[in-house]
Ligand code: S6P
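In structure tokens, one chain follows: the form predicted alone.
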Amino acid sequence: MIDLPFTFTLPMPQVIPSKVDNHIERRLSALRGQFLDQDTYSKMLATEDRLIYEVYEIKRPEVEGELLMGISIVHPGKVGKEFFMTKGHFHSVLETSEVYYCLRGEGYMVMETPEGATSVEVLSPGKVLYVPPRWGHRSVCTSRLEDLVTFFAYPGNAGHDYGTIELHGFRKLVLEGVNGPEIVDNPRSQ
């Protein structure tokens, strides 16, 4: 069978794709051990397992030559001084890349390589970010009231490795500072 080209829309302001094959909801409990302030995390989780982010996937075969794509929505909020974020991941096939296009909101993409290089890039509407092969990445929403919404696309065979990040976290954190967001070293990964 031959695959046919297809189109979909990202209607504003909701930006939920008109074609969605999978909707993932990640709640506070899915980010256990990822936030710096574990006491505040535990207190928040005891009160409510809040929705932190969502992913709307447009599925394709998970093989080389295909592109997987969708929308990521990180909701505003903080655990202590640390902004809400995605779990973050490396690709299982480390030599694969990813592209993000920011549609709405403000935030950062926190990135690192297995060898220890780090980069933190600002995300704002209209900005396109290329994440090269070998770079783990995590979206962080720093908007106070607005979701951070990005469109993403990556190779169908890339896969996701969440375990590496769950073990040590990212080397850099995004915290609320006196004059806005601050990038700081993560004491867990030192």
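From 1 onward, residues are counted along the sequence shown. What you see is a predicted model; the values in this text were computed from it and never measured.
There is another form of this protein, the form predicted together with D-sorbitol-6-phosphate, and it is not shown here; the text below is about that form.
- None of Lys78, His89, Arg104, His75 but one reaches within 4.5 angstroms of D-sorbitol-6-phosphate in the predicted complex through a heavy atom, and that residue is His89.
- A single residue from the set Arg26, Lys127, Arg134, Arg60 has any heavy atom within 4.5 angstroms of D-sorbitol-6-phosphate in the predicted complex; that residue is Arg26.
- D-sorbitol-6-phosphate in the predicted complex comes within 4.5 Å of a heavy atom belonging to His160.
- Interface membership of Glu98, defined by any non-hydrogen atom within 4.5 Å of D-sorbitol-6-phosphate in the predicted complex, is confirmed.
- Proximity of Phe35 to D-sorbitol-6-phosphate in the predicted complex falls outside the 4.5 Å heavy atom cutoff.
- With a 4.5 Å cutoff on heavy atoms, Tyr41 does not count as touching D-sorbitol-6-phosphate in the predicted complex; it lies far away.
- In the predicted complex, D-sorbitol-6-phosphate lies within 4.5 angstroms of at least one heavy atom of each of the following residues of 127-156: His137, Ser139, Phe152, Tyr154, in sequence order.
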